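Both blocks below hold the same protein chain, though in two forms, and each is given as structure tokens: structure 1 and structure 2.
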Structure 1
């Protein structure tokens, strides 16, 4: 494309779509125009001219004058249909839909190869933090050992306010929903699913390992109480919801759990809706990227950066994944590289001991009982955490020590 004027078909005009529209209008040097915007709700008042909008996706997908389709809608299965059709039409795509990417990565990778088009998604894994492009370009030949981080602004916002304002979870969540920092149904965020989708994407770019969401264990902060915050506070620790992906011998450990983070960690001082990703390599040592993880303009700016990259024909090289595939590994073999059978040290708060029956507890280092709260610090077989995984009736709060 050689930095010429590019024409965009946009799907979705919610928080990120409007953010993109704003930052595009104030950008300098990028010659890009939004030709048409496809939206769902015909009754919603919009802040720009009604002529921009259509309610028929084919009106955009069938145009032959578009250089790029930008997909920013909530519905992952509908997003997949749009992206698939655009790529099969030979049009490159920018998206921020981590759920769609995580659930369909194998097909999306194959569509890129088959149609010789780009699919770029910097805004999907850390808001405004340019982490995917850095893993792709800066760390492409680095022997990485670990990528971990605070990847969900909602969780970090809730945990920060609980600690700094001495409030309980339900009170802060209600506040966060009222001020737009949490969805009306916050389950995907607070239960760790959003963190998991992002961790899955970072694992592909850091290690060349492709997983399905169900291959990765996630437990979230939905059962956190002020007692847990207090326990951490008294020991000079903070609770942070982390996505973790690291090399363990010739295997990988990938999971998403709340963690106690000590004062020596740069993740300790990341507050509110900010995200942070810590990358560790054999030669580059430890580096931490920090930025706003959510919000209209921060994510809009990441999407704009992707559009800009397309003006000079940028594509992800997937060097680590291609190397694995050239070594006769199949893209679906990623799960075989994941280690599940290991001991992990956890803080577990419970109401009654029967709640612990599903866990394989190897040893208990500390146990505390009172009228208000009971907890243990225990070494647990990691794979037994899958026994309580994604159960809405699970009332345990689990935190890695």
Structure 2
């Protein structure tokens, strides 16, 4: 345990903020206290003393007795303003805001260098799984070839309950929202955006490659049906929403798609809101980290671990990124290192053939038509998937085979 006292200004007291409050109150030996909490809604009843709260962000940002800002609000652009101001004031920041981090990584990296402050964010990917610090520290010299996993608790919870409990998609999505797993806008979860933000962060810490969210393809489970789940089940497979990032020659392939996962994979047996990250290295070989990926206390515990790390002045070293930068200060456009032109085998369920017009289908291995459902198993040019991905009206369900 470090010896520095931490006085925290907290932004947000939603699911994760309250989780942090609870785990901090039950932690032993950590010299950290929450001094003030900034929230938006003046009418909401809170479970702790009203004196903790302020509605004015400047009241926290201008205090000089705080040495850490913990940002846990869900508006990514407002979060960015808070984090930018705090870092420019020379204060270290802990956040779990994967959207903000993914959308603004270059600037956030530069703010760390310019102000010599820490920005740490273990809770932003994999919930309670300590993956970012492991990629940074444990695998700092390991030649990693692949990082992939179940990174969204909401998707995994929905898929699990649809399969194991025969429940309806919209009913279990509501339960995921009520349990505090889903984002306020659950489209971010089900359409694969949340998985993509986390995959982007893991790609930085695993490979030192910085991408923009638009560089990474994501489709989700928003159109999954029981037929798809049954198709997988009958073949001994399970549908899992995965973020994948791996080396392909001297380039990388990075994308987020539902996948058919077979029984031999450890990812096959990860259920409900649990997440799992599989890391593969040249010498360590395959290792899988499993843990709760969403929810108040699991995410709160990852945030607490970051706060604890600040008591000994921890910062990410960004060793792989620095190596890739080779002395340059400016982060290069990582998209040029990404491979887009390759063939990927997909299961595609559709209503009418026109929906597939924008896809470059290279070959069809299986085709099924009936009154209720049509699907193909086809090899498709990956690049052409960008033409159709996440159009809310396309109603396709796409799954990597």
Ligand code: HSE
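What you see is a predicted model; the values in this text were computed from it and never measured. Throughout, rigid core stands for the largest set of C-alpha atoms superposing within 1.5 Å between the two forms. Numbering follows the first chain given and starts at 1.
Colleague: Does the form predicted on its own correspond to structure 1 or to structure 2?
Modeller: That would be structure 1.
Colleague: Using the rigid core as the reference frame, would you say residue 77 shifts its C-alpha by 2 Å or more between the two structures?
Modeller: Residue 77 C-alpha, core-superposed: shift of less than 2 Å.
Colleague: Fitting the rigid core first, would the Cα of residue 106 be found 2 Å or more away between the two structures?
Modeller: Result for residue 106: no, shift under 2 Å.
Colleague: Any chance the CA of residue 330 moves 2 angstroms or more between the two structures, core superposed?
Modeller: Shift of 2 Å or more: yes.
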